[in-house]
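Before any questions on binding or motion, here is one chain by itself as C-alpha cells, the form predicted on its own.
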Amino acid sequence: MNPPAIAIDGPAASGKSTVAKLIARELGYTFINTGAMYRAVTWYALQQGINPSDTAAVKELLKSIPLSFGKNGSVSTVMCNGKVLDEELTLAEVNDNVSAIAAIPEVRALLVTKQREYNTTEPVVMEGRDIGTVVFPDTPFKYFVTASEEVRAARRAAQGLTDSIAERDRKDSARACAPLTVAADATVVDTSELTIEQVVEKIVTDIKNRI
C-alpha cells in the first residue's frame, strides 16, 4: 500500500500550486507540480521547432525526449539534459501552447506514470488538473481549488501573464483525454474571498482529521 497522496486539482490561476506547496510543507510531504511536467514537454517541443498541435510529431518526440523528473529537497523538479528548468516553463509561448500538449493522450500517459512513481516511496501533495480523477482516483484526499474567473484573471495579470482564463478553461475542460473536471468525491474550495492561509488551514485540518 502506497503512502498518502493528497490530490489538489483546479483551473488555471486558482491558487492550487501555492496552496499545494504550503500544504506539503505543513504536512512534511513532497510537493509535486504536474503542470511543470507538461510545460517542460511543451518547452522542449518548441525548442525543437515542433508545432504543439502536430500530434504525430510530438508523439515521435516522446521517444527520445531528454527530460528527467526528480526532487530538490521536498519539491519536484524537471530537468533537460541535467539542467533544472525554471524560467523556461513560464515563457509566454509555453503558456500559450501547453493546453495543446496536455491534450495528447501519449503525453499524459507518459507523465502520469512518472507522477505515480513519486508516491511509491513517499507521501505526496500533487497538484494539477486530473490528479483526483486520473492519477490517484482512489485517494480519499481530493480537493478541487477554484476561484471566480475575474479573480483568476487578476492573479494571472499580476504574474505578468496575459493568456485568456476563459480560453484556458475551455481547452482544459473540453479535451477528450483527462479533461479538467471535479471528482465526484472531491471537496470544492473556492479561494475567491479567502486568504492563502485560510485555504491551507481548511484543507490541512480536514486531512489531519482523517489520516
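Start at 1 with the first residue shown and count on from there. The structure displayed is predicted, hence computed values, not measured ones.
FYI, the form predicted in complex with a small molecule isn't displayed, but the following is about it.
*Asks:* Choose from 68-76, 117-125, 137-145, 102-110 the stretch whose residues reach within 4.5 Å of the small molecule in the predicted bound form, heavy atoms counted.
*Replies:* Among the listed stretches, the partner-contacting one is 102-110.
*Asks:* Find out whether any non-hydrogen atom of Arg155 is located within 4.5 angstroms of the small molecule in the predicted bound form, and reply yes or no.
*Replies:* Contact check for Arg155: no, nothing within 4.5 Å of the small molecule in the predicted bound form.
*Asks:* Does the small molecule come within 4.5 Å of any heavy atom of Ala13 in the predicted bound form?
*Replies:* Although the small molecule is absent here, Ala13 would touch it in the predicted bound form, with heavy atoms inside 4.5 Å.
*Asks:* Check whether Tyr38 has any heavy atom within 4.5 Å of a heavy atom of the small molecule in the predicted bound form, and answer yes or no.
*Replies:* Because a heavy atom of Tyr38 falls inside 4.5 Å of the small molecule in the predicted bound form, the answer is yes.
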